[in-house]
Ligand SMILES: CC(C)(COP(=O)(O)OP(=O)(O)OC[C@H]1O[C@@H](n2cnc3c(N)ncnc32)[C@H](O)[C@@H]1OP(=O)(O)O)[C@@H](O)C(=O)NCCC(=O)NCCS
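The data below hold one chain only, encoded as structure tokens and taken in the form predicted alone.
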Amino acid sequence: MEIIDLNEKYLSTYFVCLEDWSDEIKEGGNHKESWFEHMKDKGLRVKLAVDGEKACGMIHYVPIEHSFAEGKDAYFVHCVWVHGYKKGVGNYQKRGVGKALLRAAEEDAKMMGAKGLAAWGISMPFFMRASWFKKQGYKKVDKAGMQILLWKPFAEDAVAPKWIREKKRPQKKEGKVTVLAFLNGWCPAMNMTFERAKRAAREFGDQVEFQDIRTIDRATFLDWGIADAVFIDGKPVRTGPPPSYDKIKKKIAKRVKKLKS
């Protein structure tokens, strides 16, 4: 196995997080590709773990000023992902691939003059576990719900980052059910949720108003402090793991029924 920079050969598999065998992940459309085109000239870095010709792991990170955290002289890890399914290239988890990717990103960030590397993790034991980053020498510096902001400084004068927090929340609109979906584009799982919410909302015609907010625009993200989310009548829908189309539709139907009563 070797760690390489993303190149043209692996672009299509990168856009679906190495799951090019999955029809479900393709529900997310081309939003990650659009995000990549927007971010590639803003300092986006992508590295892949490759075993022979097979891409089995990936990490991507950006200058922190283009992330969901506030900081300086640092990079922010959006995602470390090692393929863990029997389909496709097979299960490569628990082989040290994630550690190798993170170390490569750290060395790369140092070479570019960064004073530290930040990452987000979840306090629960699933994808992007905060506990895993802690084992790699990262420390918790901020928290927003289940999302933990982790940090590894490279210099004594490095300043720890902090989360950019939610500034405002969508409100219920009288006379209609409102489905408001935020989309950044960096994550196919979030993109799937967005597309499912849009499709489900359309099933109810004029009874439901779907609003689309694209946070790839930095000013829009900073105005809300929300990157990816779905709200139904002002209430957030849990989006991790991605809720099914049927689940989202049922939630909307419940609000429509109350609207009629």
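Numbers for residues come from their place in the sequence shown, where the first is 1. Everything numeric here is computed off the predicted structure, so don't read it as measured data.
There is another form of this protein, the form predicted in complex with the ligand, and it is not shown here; the text below is about that form.
With the partner omitted from this view, the residue of Phe182, Tyr75, Trp81, Tyr138 that lies near the ligand in the predicted complex is Trp81 [heavy atom within 4.5 Å]. For the residues Ala114, Val89, Leu150, Val97, the 4.5 Å heavy atom test against the ligand in the predicted complex is passed only by Val97. Under a 4.5 angstroms non-hydrogen atom cutoff, the ligand in the predicted complex lacks Ala144 among its neighbouring residues. In the predicted complex, the ligand sits within 4.5 Å of a heavy atom belonging to Trp132. The closest heavy atom approach of Met128 to the ligand in the predicted complex falls within 4.5 Å. The closest heavy atom approach of Ser123 to the ligand in the predicted complex falls outside 4.5 Å. Stretch-level contact analysis of 81-89, 170-178, 156-164, 106-114 against the ligand in the predicted complex, using heavy atoms and a 4.5 Å limit, identifies 81-89.
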